[in-house]
Structures are given as structure tokens and as C-alpha cells.
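We begin with a single chain expressed as C-alpha cells, specifically the form predicted on its own.
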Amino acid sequence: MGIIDKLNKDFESRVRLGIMSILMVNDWIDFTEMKTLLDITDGNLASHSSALEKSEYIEVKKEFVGKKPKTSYRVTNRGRAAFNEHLSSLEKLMKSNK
């Protein structure tokens, strides 16, 4: 298996890379803040976060604050490990070309 094969396909999208990068350094981030940080649409964030949740890389919490719905995200232990492995593989790939 080559180094390229160790890259995680779940993180190939720039939006998913952005979501994971933000969550790796924050505890919980709400939908609006995430959308603003990544400068993406509601639908784009919803579809990519749903895919990451399905892979159990992030946890999604939906609640009401007053009468307004609030969605928040955080990285799971599985997601943290998978993303760190992905970053490690990227670093190895970059070093292999020297």
C-alpha cells in the first residue's frame, strides 16, 4: 500500500478539511459560526457535516435556545484519530518527494 492510499477519502473535500480543522482546535462550534468561518452555504455545511457525522468523525447536537433551534458540532475521538492519521499521511507524502 502506497502513501497515497493512506489518505482518507472522507477528508478529500476542502469543506470537510475545513470543518475538521476548525473542530480539532475548538470544543463545540455552532452552525452559524462554522458557516461564517468557512464562508459556505447552509446546504453545503449541512451535507458535509452529515457525511462526517455518518462516519462518526463528528458529533452533532441539536437543541433549542429559547424558541430558536441551535445546531453545534464537535470532533469525536474517532474523528480526531482519523484526521491526525490523514495529516500524518499528507506529511509523509510531502517528505517523500524530497
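Residue indices: 1-based, along the sequence shown. A quick note: this is a predicted structure, and the numbers were derived from the prediction, not measured.
One more form of this protein, predicted in complex with another copy of the chain, exists but is not displayed; see below.
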message = M24 versus another copy of the chain, in the predicted bound form: is there a non-hydrogen atom within 4.5 Å?
response = yes
Hey, in the predicted bound form, is L17 touching another copy of the chain, heavy atoms inside 4.5 Å?
yes
Open item on the list: So, L90 and another copy of the chain: in the predicted bound form, are they within 4.5 Å at any heavy atom pair?
Closed with: yes
Decide whether T76 counts as a contact residue for another copy of the chain in the predicted bound form under a heavy atom distance cut-off of 4.5 Å. no
